[in-house]
Ligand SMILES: Nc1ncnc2c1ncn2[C@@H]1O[C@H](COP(=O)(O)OP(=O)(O)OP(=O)(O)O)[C@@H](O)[C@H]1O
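Below you'll find only one chain, the form predicted alone, shown as structure tokens.
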Amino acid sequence: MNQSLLRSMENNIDPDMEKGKVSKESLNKSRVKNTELIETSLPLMRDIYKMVEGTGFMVVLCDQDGLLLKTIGDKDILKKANKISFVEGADWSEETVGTNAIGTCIKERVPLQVVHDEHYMKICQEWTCSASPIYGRNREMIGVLNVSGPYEKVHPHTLGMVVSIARAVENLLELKEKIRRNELMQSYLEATVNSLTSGIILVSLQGDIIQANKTLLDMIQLGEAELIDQKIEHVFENKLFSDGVSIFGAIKDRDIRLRFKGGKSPIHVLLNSKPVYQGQSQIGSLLIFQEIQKVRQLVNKLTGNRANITFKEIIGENALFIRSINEAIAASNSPSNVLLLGESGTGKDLFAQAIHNESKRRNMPFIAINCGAIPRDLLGSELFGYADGAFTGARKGGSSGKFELADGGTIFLDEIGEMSLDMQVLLLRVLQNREITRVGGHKVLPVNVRIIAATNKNLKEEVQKGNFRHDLYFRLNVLPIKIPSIRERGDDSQLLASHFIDLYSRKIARKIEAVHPSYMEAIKKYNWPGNVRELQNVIERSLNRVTSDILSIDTLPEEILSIYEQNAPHNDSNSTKNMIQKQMLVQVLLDCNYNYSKAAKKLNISRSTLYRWMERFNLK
């Protein structure tokens, strides 16, 4: 990166440039030259995009000079990219825009990830970009594959995914070169490298299984001898395999339970099929199987659907709070439903994540959904998904809901008290039967999900008022855990304040040498109606307002200061200010071991002023 930065400066690139340089003429010429690269990469780019769709990422293919040939992404991210001319036809070489993943990848000939202010141009510093070179014959670089998105969502696995797909492109290009000399082998081998993690079966027009890859054999737990040369309908029970017409046409993303002859347990897979041709004649079909659970695990990793908090990171020493933590740890080892109770801002979401990470499901998805933040008419499709054609504008093939995405893991239903009665009926059915039906569909799908719910409402009262179903309440209230508010936690407010001071002083680069005693006293006296969330906000605001290396009471909001002054010894305002000033002076002198020069410098006053203050407060 340092070498790239030096090259960027030597090239006299303006870091304040507002847009990249776009040439339609260069784009047209490069597309003609790189037709095969584009045609080969595009299906794989679409596969990546399916994994990250809706997360704010875009997939980019460039030629060997850094010219953008093809971009795929969500409307919002493409609109944002358009503002800086990060579009097809743009020149994103290092010589033009300085340090960036695409251009620097070309220069260094290695995969790399460039994050935030590692970019040379300021317009790129809101992005994280992961790029990998694509090589052709004789290790000649022919292009670059890149995934770009918001820098807040940076993840090291993104670069690994890009490198894998780039290698797949190289393998596919190499295969195409070989199969030009052998059209028959082209028909059978062309798609076997499309996905290294997919199970693949090649079937002849007569229904004979010609070939299967190792992934497929591992997936279905059968040996090669049990599969090759067998009729496909003799291996699988599903009706579509006995109906030749079904598998010899194109099948796209069909969600099926793969059933076996002989009584083996079915496997939940995503099936794709495409015809295989020799010349103009169809000679068979390529079947691609992807385990639904693995697909969802990858999507969850890329989209951040995982728990990041453990019990070690939850701060508190109050006995009441420790009891709640111990109850939550005990609940982690149980499959039963958990109901987290507490005021807004007490950290119910942190408890939910910690319970998941302490449980046996820790390596599986953690899906959180705020039942109060989603419109009631959309909550059903959000939780349970929807079938193909369920409503106008529904995605073709339907869509998985949160329960399907959480299969094998944990779903956290925050603000459960806001859920409508009709939706409560559907949730109760899931709790009772452990199965769902997509909106607009009829197929029943089993789900293995641990449910953690949370609310700041008194659900018993809501049941009495008729706002919450009593049967659902009893189903959820198996392991209730009450999380105390800050005002119930005694000195924990000061412990939390110290933690947040340390956290945000590093985050916003504020050097704090000392915290004035009156600051912590004011923190202790305040009632904190917004609990931990409000305290966190106040500390961050204080650290943005502080002008010295001592965090003093005057950085706190007026509502906290007024409470403090009401409870302070009440002579007059001057005596209160004098008391605060004396306390601060004593604290600084102690911190500096009565080195007057250091103390004066720390207080940003002269030594003569320091002596006058000490004399006024009888500290000499």
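Numbers follow the displayed sequence, beginning with 1. Quick caveat: nothing in here was measured; it's all calculated off a predicted structure.
There is also a form predicted together with the named molecule; it is not shown, and the following applies to it.
Put simply, residue 404 is far from the named molecule in the model of the complex: not one heavy atom of it is within 4.5 Å.
Put simply, residue 469 is far from the named molecule in the model of the complex: not one heavy atom of it is within 4.5 Å. In the model of the complex, at least one heavy atom of residue 343 sits within 4.5 Å of the named molecule. In the model of the complex, the named molecule stays beyond 4.5 Å of every heavy atom belonging to residue 273. Comment: the named molecule is not present in this chain, but in the model of the complex one of 285, 485, 290, 456 has a heavy atom within 4.5 Å of it, namely 456. Only one of 374, 227, 314, 423 lies close to the named molecule in the model of the complex, with a heavy atom inside 4.5 Å, and it is 314.
For the named molecule in the model of the complex, the listed stretch (471-479, 345-353, 102-110, 123-131) containing residues with heavy atoms inside 4.5 Å is 345-353. Contacts with the named molecule in the model of the complex, taken as any heavy atom within 4.5 Å, map within 513-536 to 532, 533, 536.
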